[in-house]
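Take a look at this single chain in C-alpha cells; it is the form predicted on its own.
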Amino acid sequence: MRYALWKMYLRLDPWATEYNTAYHAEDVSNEAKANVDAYFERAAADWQAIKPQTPNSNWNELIFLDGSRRVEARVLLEDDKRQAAFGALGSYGVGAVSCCPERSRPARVLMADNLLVTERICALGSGQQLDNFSVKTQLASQLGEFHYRVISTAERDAEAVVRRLQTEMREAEKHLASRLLNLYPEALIICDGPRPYLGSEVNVIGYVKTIHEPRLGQRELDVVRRLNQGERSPIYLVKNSKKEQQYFEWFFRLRDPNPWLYSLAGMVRLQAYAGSEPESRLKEVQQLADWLAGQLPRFASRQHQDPRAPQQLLPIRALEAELSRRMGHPQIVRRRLTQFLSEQGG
C-alpha cells in the first residue's frame, strides 16, 4: 500500500506586521462560489496562466485614486448616569495621482478643483447624535482649527464606529472617482481597493491588494499560485442578481516571490465593469488586462520603499504621505483633542 507524503513548509509573509497580511482569506460559502463563472474567458481545459503580449492602447493618462483614514482617539459618550455610546474621533483623506504611461512628464498629485480632500469625523454608535463641533487652540492662527462632522451608526459595538468611518471614506472615494470621470474622461482610473459601483464606465479599475475571499475552486487557485511575474489568470465573471453590478476579476502577479515567501506573495486582483451584457465587454477587458500587465510592474514598490511591497504602488504611497501630512501629526492632534475634552467640564 502506498501512502501520499505531504511536506509542510513555513513561508514568510513579506508585509510588515503592523499591516496585518495580504492574505487573510476565510472559508467562502458554496453560494458565493456559485456566483463566480471561472470559465468566462477560457474553457476549463484551457484555464492556465496567460503571459500577455502588451497591446497598443489609447490610454495616455493613468490616475491612481486612494483614501487614507485613521482613528485619533476612542471616546465614550456619557451623561451623568451612564455610558450612552461608543465613539471615535478620526480623519480621512482622499485624493488622486496622475501618471503618464509614456513617462513624458513627472507624476503629480491632483490638487486643483478640490480633488484632494481631508475631513475630520466624530463617529458615534447606538444611533446617538451630537452637533458638529470645532476644536480650537490658542495657536489657531498658526495651526488652524479642527472642524469635526458628527456621523452616527445604529450598531452598538465598539468597532462599529470604526466601520462607519471606513464607510464614510469609501463614499468619498466613490464621489471622487465620479468627479474624475467627468474631468478626465480619457484617463484610466485605478482605485486602490474594490472597484466602486459607478455604472457602465470601463475605464474605472479596482486594484485589490489583499485576498479575503478566494472564490475560485482549488484547481484554479493552484494555477494562480503558480503565476510568474507579469502573468495573469483568465478573467472570470462575478455574477450578481442585479445584473448591472456584475464585474470581471482576474489575478495578476506583480513580482516573482522569493522561495522563502508564501505562494501568493506579490499577487493582486483587478476588477472591471461587466454589467448585464458581459459577453459584449469581454474583448475590451481582455485588452485592458493585457495592457495593465505591462504597466503595473513599473509602479510596484520595493521592500526598502514600502512595507507592503510590491502590492503598494509608488503613486499610492506618495499620495498616502501627502494625505497623512494634511491630516496632521497624530501626536499633535491627540494632544489638542485631550486639551479640548479637558475643557468641556463635567
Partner chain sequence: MDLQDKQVGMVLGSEDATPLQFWFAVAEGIKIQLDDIVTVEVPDPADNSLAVKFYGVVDEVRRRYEGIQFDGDTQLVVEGLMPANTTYAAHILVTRVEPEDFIPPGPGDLVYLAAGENLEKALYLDNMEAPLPAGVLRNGEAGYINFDFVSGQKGAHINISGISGIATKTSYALFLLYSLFRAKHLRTGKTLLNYPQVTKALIFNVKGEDLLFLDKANRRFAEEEGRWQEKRKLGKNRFEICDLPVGPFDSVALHAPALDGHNLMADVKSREGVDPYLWTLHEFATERMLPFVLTERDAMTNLGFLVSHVEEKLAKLAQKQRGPHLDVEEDDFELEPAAQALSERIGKEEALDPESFLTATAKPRLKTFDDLVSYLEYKLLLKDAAEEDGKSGGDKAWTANQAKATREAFIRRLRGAAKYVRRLIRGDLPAKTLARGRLDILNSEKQVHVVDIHQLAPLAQMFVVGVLLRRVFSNKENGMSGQVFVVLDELNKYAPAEGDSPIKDVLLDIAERGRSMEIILIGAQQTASEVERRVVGNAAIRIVGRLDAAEAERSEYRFMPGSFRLRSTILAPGTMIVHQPDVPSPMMLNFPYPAWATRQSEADETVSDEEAMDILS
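Note that this is a predicted model, so its numbers are computed, not measured. Residue numbers count along the first chain shown, from 1.
Keep in mind the form predicted together with the partner chain is missing from the figure; the text below concerns it.
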TODO: Report the residue, out of 314, 288, 309, 50, that has at least one non-hydrogen atom within 4.5 angstroms of the partner chain in the predicted bound form.
DONE: 314
Task: Interface residue in the predicted bound form among 219, 226, 108, 242, criterion: non-hydrogen atom within 4.5 angstroms of the partner chain - done: 108
Open item on the list: Can you tell me whether residue 283 touches the partner chain? I mean in the predicted bound form, with a 4.5 angstroms heavy atom cut-off.
Closed with: no
Task: Close approach of residue 305 to the partner chain in the predicted bound form, 4.5 Å, heavy atom - done: yes
Open item on the list: Considering non-hydrogen atoms and a 4.5 Å limit, does the partner chain approach residue 103 in the predicted bound form?
Closed with: yes
Open item on the list: Can you tell me whether residue 318 touches the partner chain? I mean in the predicted bound form, with a 4.5 angstroms heavy atom cut-off.
Closed with: yes
Open item on the list: Based on heavy atom distances of 4.5 Å or less, which listed stretch (296-304, 65-73, 41-49, 273-281) is in contact with the partner chain in the predicted bound form?
Closed with: 296-304
Task: Within 66-104, the residues that have a heavy atom no more than 4.5 Å from the partner chain in the predicted bound form - done: 97, 99, 103
